[in-house]
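There is one chain below, alone, in structure tokens, taken in the form predicted on its own.
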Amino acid sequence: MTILRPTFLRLRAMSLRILPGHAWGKVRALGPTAQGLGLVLAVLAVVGPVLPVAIFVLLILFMIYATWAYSINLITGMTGYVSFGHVVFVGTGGYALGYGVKVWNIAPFAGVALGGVLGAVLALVIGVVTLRLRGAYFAIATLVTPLAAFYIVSGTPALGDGSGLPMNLGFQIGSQYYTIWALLAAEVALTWWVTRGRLGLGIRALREDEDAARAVGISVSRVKLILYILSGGFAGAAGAVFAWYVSGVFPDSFNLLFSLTMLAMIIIGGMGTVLGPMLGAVIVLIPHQILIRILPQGEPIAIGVSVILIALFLPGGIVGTIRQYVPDARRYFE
């Protein structure tokens, strides 16, 4: 044993240097923000099922909100194209799941996938037309789409003819939880990826000056359309989970308040950032849970006032403001 001990110690030291050090090096390369969000997601994956049912259900709603925030962040936050019509993808995903479950008798998981696909396809169709517009013209064009979708759905017998599609899928909060968790994790990873390297530089150039970005060889139209399709796909999938969560989908799913809530989350948290949508979801969800009980009509007012105050005094949102005034904290807030 005495003879083998030095050899054992050398092998142990070597393994600590090569394997864990190599793995830790990869983790460190992700940056503090990605590490922190990864830790949050890991904790959610582990502790969610052991929490009381009320908190478990609330976490599902929080992750739905966060997924919506990250979805609109892909287009509005990354490119600066303000989309008031993002609720169309949410409603499309919800109706895809509702129709699939009621008529085709498909599993909810398949309904979520269908909602994501239809959301992406609809984003492609809308994006090909509206992304040719800029600034207020794009915003106005997207503002019309929820109104059109509401009247189309309300007048379609196969979609409930205005009464919606109620569902009775039983108590499936575990399945809902891990479905929306997977969507949120995928969005966080995608957001982190698109903000790095050459792609991130191209997107930032597009946001600052679209003509200049095109002049240096960036395929502006293609980048915008790809981000819009991804954004619509995730919004549709999350909309399907929301319909699953509330056991039904109704024309009110196309309420403009959903789009305003999504915009509020990224404006408050920080547009175009990796951490901002998660912070925004927390800050918006808490007042929502309070106001929905004591003053339902006060929620739009609270959201509007919050957005105005943030836009006036913290135009970069929470993350942007911290990065501006606390330079040492920039590496922790991306």
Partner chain sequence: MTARLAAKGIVKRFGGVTALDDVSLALDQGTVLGLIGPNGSGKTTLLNVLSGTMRPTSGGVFLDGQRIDRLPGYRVVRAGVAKTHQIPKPFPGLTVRENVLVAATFGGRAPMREGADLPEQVERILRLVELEPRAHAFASALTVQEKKRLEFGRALATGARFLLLDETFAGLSPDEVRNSVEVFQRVQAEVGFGAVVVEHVMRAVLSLAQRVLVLEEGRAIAEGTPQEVVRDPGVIEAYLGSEATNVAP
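Small disclaimer: the values here were computed from a predicted structure and weren't measured. Positions refer to the first chain, counted from 1.
Below, we turn to the form predicted together with its partner chain, even though it does not appear here.
Contact annotation for residue 103: none of its heavy atoms lies within 4.5 Å of its partner chain in the predicted bound form. Using a 4.5 Å cutoff between non-hydrogen atoms, residue 107 does not count as a contact of its partner chain in the predicted bound form. Its partner chain is not shown here, and in the predicted bound form it never comes within 4.5 Å of any heavy atom of residue 246.
Within this chain, residue 217 lines the site of its partner chain in the predicted bound form, having a heavy atom no more than 4.5 Å away. The listed set 182, 139, 226, 205 contains one residue whose heavy atoms approach its partner chain in the predicted bound form to within 4.5 Å, identified as 205. With the partner left out here, its partner chain still marks one of 163-171, 232-240, 205-213, 115-123 in the predicted bound form; by a 4.5 Å heavy atom cut-off that stretch is 205-213.
Applying a 4.5 Å heavy atom cutoff to its partner chain in the predicted bound form picks out no residue from 88-111.
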